[in-house]
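First, one chain by itself: the form predicted on its own, in structure tokens.
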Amino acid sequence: MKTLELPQTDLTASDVVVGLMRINDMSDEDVRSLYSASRDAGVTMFDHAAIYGGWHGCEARFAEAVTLSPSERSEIVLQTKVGIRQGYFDFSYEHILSSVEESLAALRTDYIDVLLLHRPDALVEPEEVAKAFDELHAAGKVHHFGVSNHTPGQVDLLRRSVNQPLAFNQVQLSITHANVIAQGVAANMGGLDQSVDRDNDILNHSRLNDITLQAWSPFQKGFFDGVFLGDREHYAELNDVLDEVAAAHGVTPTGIAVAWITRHPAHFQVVLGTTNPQRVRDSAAGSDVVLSREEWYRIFTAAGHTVP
């Protein structure tokens, strides 16, 4: 599996990240199997959030099932997120600090490698975020920071006050939910829905500012509408092309869905949401596939996107 030297940090991590939002009801044995399969496949980064599994539920579930020795802890990157509460968002100084303390306790670790602000808080006061980040960083409790689902303007507003680099932005991206990429391909095409800029050009803003984009829901059709892999009712052409390209490269269609994202020169990380060890293995295999331009665009158009 490919690894990335992540800009604005001292981290090197796998370009496939295993997200642990669905482990709350899994047995210890199944969580350990998922973790072991991930590590054996080359995954070094694991993604959590305070809200997953109830309040810090999946963080606690992970730590209960997987005992990390000091050496093993130093070999992986633990990422968690803060800011989503029951029915509202909260980037207040008090909430950021208390949530991180609870994450540290739940994860049974002394530090978090990466902390993301989960979804934009309309009532954010950047100075409060900056104060919280300064204290967490100075105490060694959080080493690196970033955001999730933020527009370039929201990132720049935070950067005006926050002293630490905002090194990550986690955004939804799959072959079929690809507006982050597809809009730019069809820019300036009047009357074409694909040309509408819905995110203020997150992609190029991130590349210009050395912000690593992390793609969540890499197999989802839309916003939690189910996966496109194997959906021949709605995506027959796409699945035919994925099958053909997968056979040519000796991987599965899952691997090609990952390779389509990692082929992009923005050097995305792909955040999996699966609890299936085999899908992790298939995804990791896709990390090593380099699609040709022709293959990449063929998959893009088979998903219904326009190349003018």
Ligand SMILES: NC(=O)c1ccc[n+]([C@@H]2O[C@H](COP(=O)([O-])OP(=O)(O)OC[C@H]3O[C@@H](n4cnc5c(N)ncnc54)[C@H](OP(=O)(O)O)[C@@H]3O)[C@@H](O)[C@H]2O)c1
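Note that residue numbering begins at 1 and tracks the sequence as displayed. What you are looking at is a predicted structure, and each value in this text was computed from that prediction instead of being measured.
Form predicted together with the ligand: not shown, discussed below.
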Options 113-121, 188-196, 129-137, 93-101; stretch whose heavy atom lies within 4.5 Å of the ligand in the predicted complex: 113-121
is_contact(Thr212, the ligand) in the predicted complex, heavy atom dist at most 4.5 Å: no
Exercise: Gly273 in contact with the ligand in the predicted complex, heavy atom 4.5 Å: yes
Any non-hydrogen atom of Ala284 within 4.5 angstroms of the ligand in the predicted complex: no
The ligand contact in the predicted complex: Tyr52, any heavy atom under 4.5 Å: yes
Heavy atom distance at most 4.5 Å to the ligand in the predicted complex, all of Leu78, Thr151 and Ser206: no
Ala167, Leu157, Leu229, Ile181 - the one with a heavy atom within 4.5 Å of the ligand in the predicted complex: Leu229
His267, Arg279, Arg32, Arg39 - the one with a heavy atom within 4.5 Å of the ligand in the predicted complex: Arg279
Residues of stretch 8-30 in contact with the ligand in the predicted complex (4.5 Å, non-hydrogen atom): Gly19, Leu20, Met21, Arg22
